[in-house]
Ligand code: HEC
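Take a look at this single chain, the form predicted alone, given in structure tokens.
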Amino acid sequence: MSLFIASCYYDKEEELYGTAECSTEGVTFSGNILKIIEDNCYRCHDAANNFGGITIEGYDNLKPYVDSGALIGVIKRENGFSPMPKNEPPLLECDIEKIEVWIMNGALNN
């Protein structure tokens, strides 16, 4: 009997995973973008690793890749860009949206 009861167990998706909302309001470099870049990019592209000759550690090193369109091209895995993070799943869609909003708002060092 207990085997039957255990097999009827289920969870509600909302309780397990939460809502899929992505807040992009008030996105800043220091408050949002830096953490995304640190968590997803620095293991290969900080000053110590510099894979591919690309260092994006710190705002001043990241900004040229933002201005050229390379940052958004690689994280969105657009044609003509090497998909990043390399050999790993893409960034979360919400993180990509935050980066896009930050760029659209002038990619300020805020």
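Numbering starts at 1 and follows the sequence shown. Everything numeric here is computed off the predicted structure, so don't read it as measured data.
Although it is not shown, the form predicted together with the named molecule is what the next lines describe.
- Using a 4.5 angstroms threshold between heavy atoms, L71 counts as touching the named molecule in the predicted complex.
- A residue is said to contact a partner when one of its heavy atoms sits within 4.5 Å of a partner heavy atom; I54 meets this definition for the named molecule in the predicted complex.
- The closest non-hydrogen atom of Y65 lies within 4.5 Å of the named molecule in the predicted complex.
- At least one heavy atom of E88 is located within 4.5 Å of the named molecule in the predicted complex.
- Residues are counted as partner-facing when one of their heavy atoms sits within 4.5 Å of the named molecule in the predicted complex; in 71-87 these are L71, V74, I75, G80, F81, S82, M84, P85, K86, in sequence order.
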